[in-house]
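Shown here is one chain on its own, the form predicted alone, set out as structure tokens.
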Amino acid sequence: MRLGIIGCGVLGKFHAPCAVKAGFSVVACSDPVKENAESLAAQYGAKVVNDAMALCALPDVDVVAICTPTPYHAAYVVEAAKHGKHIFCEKPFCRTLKQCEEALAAAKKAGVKLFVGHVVRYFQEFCAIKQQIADGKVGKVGTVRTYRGGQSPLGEGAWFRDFEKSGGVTLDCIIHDFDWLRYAFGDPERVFAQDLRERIDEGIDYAMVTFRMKNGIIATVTGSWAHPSGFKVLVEVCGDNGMITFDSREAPLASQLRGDGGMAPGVVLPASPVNDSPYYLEWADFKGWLDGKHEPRVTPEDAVWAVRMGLAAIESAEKQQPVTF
């Protein structure tokens, strides 16, 4: 299938080879920084489209990949759906629940398939943890703790450090863990959170978010954009018959930078020590869904739920009170 990519910075460049390996062909690239689009397009013999909205209407594009900053996701989803394009959208799905609802409604009305990249569901370590839980290896689970974070990203125009745009470490980073918690343990009942968002413009953000799940499990998620460098992920699942732990420092890490030396860092992406990257696996899952072979591991409704959990955590930190779902 023919793929058009909107947003050709760090994530667009990262997703392109994964999509190609999964069976897509990159035919069009668009980015407000023209050099980004030109660089990516040159790698795949694709054309550069200056107007991203126009890319959504191209007759030779079957699928649109949206790899832009979060505030622009909804508008591009709506436009791509209007032109009958299937859609891959980076997480978080949208910045607000209203945007999520509008984007999801547009995709349903158009009858197109919408896939949101909650890639942690495809990380082999997290798959193994979920399977061991399902197999009863630790008995009845009582508590879960996760940690995710590292160096504060900047992004084009330092958008990551604008809380209104990114939602900080809570909505942009540990939303991965929120989604995985719900995937593994079901819906949350309530949440209480604290954060340091008032220092995000300095490159410092930190959040501690505790969920009580409907099944009684207590899950605490810590996120940090305060490290001088690097990135790490920790997981601890405790049951009445044992404990599962994972520490990403025992596996390799890949740091992806936006541009050449001297440019601001984009995001730091954890790698995996296995042959098939989780980022490829999510694209392969999307391709299988488009080909009618199976249902996707991540549904659009799952993506909305992840945003709901992130925004509830932000609301709790603002009010300094628990928020019930």
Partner chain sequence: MIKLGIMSFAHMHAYSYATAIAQVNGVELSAVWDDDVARGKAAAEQNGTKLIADLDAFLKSDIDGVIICSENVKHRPMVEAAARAKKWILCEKPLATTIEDARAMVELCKKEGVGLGTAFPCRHVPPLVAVKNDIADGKYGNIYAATCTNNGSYPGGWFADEALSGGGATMDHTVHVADVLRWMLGKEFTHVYCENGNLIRTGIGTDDFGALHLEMEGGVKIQHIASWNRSKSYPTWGDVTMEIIGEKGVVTVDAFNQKINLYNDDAMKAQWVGWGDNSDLGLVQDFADSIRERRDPAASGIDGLKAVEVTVAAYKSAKSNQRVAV
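Numbering follows the first chain given and starts at 1. This structure is a prediction, so every number in the text was calculated from the model and none was measured.
Here the subject shifts to the form predicted in complex with its partner chain, a form of this protein not shown in this document.
- Item | Position in contact with its partner chain when the complex is considered in the model of the complex, options 97, 238, 75, 110, heavy atoms within 4.5 Å | When its partner chain is considered in the model of the complex, the option within 4.5 Å is 238.
Among the candidates 130, 83, 227, 214, the residue which, in the model of the complex, approaches its partner chain to within 4.5 Å (heavy atoms): Only one listed residue qualifies here, and that residue is 227.
inquiry  = in the model of the complex, is there a heavy atom of its partner chain that lies within 4.5 Å of any heavy atom of residue 71, even though the partner is absent here?
reply    = Contact check for residue 71: no, nothing within 4.5 Å of its partner chain in the model of the complex.
### Query
Counting only non-hydrogen atoms and a 4.5 angstroms cut-off, does residue 157 reach its partner chain in the model of the complex?
Residue-level check for residue 157: no, no contact with its partner chain.
- Query: Is residue 208 close enough to its partner chain in the model of the complex to count, meaning some heavy atom within 4.5 Å?
  - Reply: Yes, residue 208 is a contact residue.
Practice item. Determine whether any heavy atom of residue 242 comes within 4.5 Å of a heavy atom of its partner chain in the model of the complex, and answer yes or no. Key: Looking in the model of the complex, residue contacts with its partner chain include residue 242, since a heavy atom lies within 4.5 Å.
Self-check item: Heavy atom contact within 4.5 Å of its partner chain in the model of the complex, the stretch among 174 to 182, 137 to 145, 119 to 127, 158 to 166
Solution: The contacting stretch is 137 to 145.
Open item on the list: For a quick check, can you give me the residues of 277 to 300 that have a heavy atom within 4.5 Å of its partner chain in the model of the complex?
Closed with: The stretch does not touch the partner at all.
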